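Shown below, as structure tokens, is a lone chain in the form predicted alone; questions about how it binds or moves come after it.
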């Protein structure tokens, strides 16, 4: 796969990332045997993926643990990948209220937990998972500075932040924030209009796209005429380019000049391998806008 540089950093990785949030099973569903999640990670690694996205809340820590098992069993893997994780969401367990916490103490505690579960001395990229309305930007920046000085985190970013929230935190951070991980797909287009991608372009921030296939909704069955029209167009372009509709939907994201990085979350090894095809697909301007028009369900003004 082709590569990209995360933000203004020296970190280089593949244009597609692999997301580890389903390694222990889908949220709310039964827990999977470790072997299924491990096979998915191996499939992504063998297919060429070099950025692996984790979070301390995924599977309540189990996903990081499963990923760590593969890391320990695969010689040389740690040196070849960019390892990312997120923190800042407190789940409703052990008598605690479900809340967000980006206090310095909680960030440092969370990173220590992630390092232990994964079995590594450092992560390449740490993100605040959700904006914390009680978070003090100076306190967050202090945690980032401490973790970097200790060699436990190389670079930093955010997830699900509005442009104003990212800009506020950046003013307090001595290091550049490299990424903003946000929901964006042909079914979730708000980033095109709310300034998120404009900020990424202006500040050289890499947008990481979670749920780039809208949890499979882009692939059918369509619930209404608009969705059916979009799916038919995806299928038509896929046939013309000898690809799958999923690869076309991912190529649509890759075409954006912000150097967007879609995060693939499937645990099916065959599907993981198939997604790599998106990296080689070049959509024309006309094809890109025809998909946008179909997704919106109305013509351009």
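Remember, it's a predicted structure, so these values are computed and weren't measured experimentally. Positions refer to the first chain, counted from 1.
The same protein also exists as the form predicted in complex with a small molecule; that form is not shown, yet it is the one meant from here on.
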Within a 4.5 Å heavy atom cut-off, is residue 59 in contact with the small molecule in the predicted bound form?
-> no
Looking in the predicted bound form, any heavy atom of residue 111 within 4.5 Å of the small molecule?
-> no
Does any heavy atom of residue 92 come within 4.5 Å of a heavy atom of the small molecule in the predicted bound form?
-> no
Tell me, yes or no, whether residue 102 is in contact with the small molecule in the predicted bound form, where a contact means a heavy atom of each within 4.5 Å.
-> no
If we take heavy atoms and a 4.5 Å cut-off, which stretch out of 154-162, 189-197, 118-126, 171-179 is in contact with the small molecule in the predicted bound form?
-> 154-162
Which residue, 70, 260, 234, 264, has a heavy atom that falls within 4.5 Å of the small molecule in the predicted bound form?
-> 264
In the predicted bound form, which of the listed residues (87, 143, 213, 82) lies with a heavy atom within 4.5 Å of the small molecule?
-> 213
